[in-house]
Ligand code: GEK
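One chain comes next, on its own, written as structure tokens: the form predicted on its own.
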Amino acid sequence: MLQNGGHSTGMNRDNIYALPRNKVGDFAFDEEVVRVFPDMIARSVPGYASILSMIEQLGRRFIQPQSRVYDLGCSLGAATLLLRGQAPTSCELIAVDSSPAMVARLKETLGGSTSEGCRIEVHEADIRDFPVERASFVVLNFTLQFVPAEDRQVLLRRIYDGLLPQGGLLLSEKICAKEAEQQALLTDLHHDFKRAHGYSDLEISQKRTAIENRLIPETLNSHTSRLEEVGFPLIVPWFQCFNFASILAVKTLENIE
């Protein structure tokens, strides 16, 4: 559930956890987070800009005329806005998020946009209950990690069933390693990345406390195995930077070059 990367002029700086807190509550995608979200992601997720650029490229490849394209867990619509440029006007682009603050801000963004393209629908809903039908391309960009573990396979099977032949799923996730030593190194590298982008040790610690009960990572193998179980015949882990990875899953093998 992420937005475009890169801190720049005009982007509100994330200082949510800069001051000590007596109690750090669970992380929430609320108004406070929405205000600083682009900066938060730019300084927290290594490789995020690369993943966004590939979502745009993959949209160009997989989106079919008269189909639906889904951005599930759309947040501020980084992927939605990129995919609009790749979708024929005969398509429907459907963005879904459960955060009222995220949905409201995305609707404001789209309301002020004059770009031509396919029709975009923005829905405030739980993606576990949202229908996926006639889809040629589905994006779950750092979204599944916030879905309870017991609900992930059912959601992915519903996405698989709703995909058209040759349809694609882009799944990006924060992952964990199999071995404790590997995980410790990946965590240290990620924290070094955050420090290099201006976060203090206090901010890193408090953010980790806030999000550890909300974001439940799994191994890369767990993700690929689950995709196999729901029916995807072609699964390609194509990107990893430290403990962040992205996978492309295709429904059928025909016409894959």
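Start at 1 and count along the sequence shown; that's the residue number. None of these values were measured; they are calculated from a predicted model.
Below: the form predicted together with this ligand, not depicted.
Asks: Among 67, 137 and 160, does every residue place a heavy atom within 4.5 Å of this ligand in the predicted bound form?
Replies: Negative, none of the three is within 4.5 Å.
Asks: Using the partner position in the predicted bound form, report whether residue 143 sits within 4.5 Å of this ligand, counting heavy atoms only.
Replies: Residue 143: contacts this ligand in the predicted bound form.
Asks: Is there any non-hydrogen atom of residue 48 lying within 4.5 Å of this ligand in the predicted bound form?
Replies: Yes, residue 48 sits close enough to this ligand in the predicted bound form that at least one of its heavy atoms falls within 4.5 Å.
Asks: So, residue 74 and this ligand: in the predicted bound form, are they within 4.5 Å at any heavy atom pair?
Replies: Residue 74: yes, in contact with this ligand in the predicted bound form.
Asks: Residue 93: heavy atom within 4.5 Å of this ligand in the predicted bound form?
Replies: Although this ligand is absent here, residue 93 would stay clear of it in the predicted bound form, with no heavy atoms inside 4.5 Å.
Asks: Which single stretch, out of 179-187, 160-168, 85-93, 145-153, brings residue heavy atoms within 4.5 Å of this ligand in the predicted bound form?
Replies: Of the stretches listed, the one contacting the partner is 145-153.
Asks: Need the contact residues for 23-42: heavy atom within 4.5 Å of this ligand in the predicted bound form, sequence order, or none if there are none.
Replies: Read in sequence order, the residues that approach this ligand (within 4.5 Å, in the predicted bound form) are 29, 37, 41.
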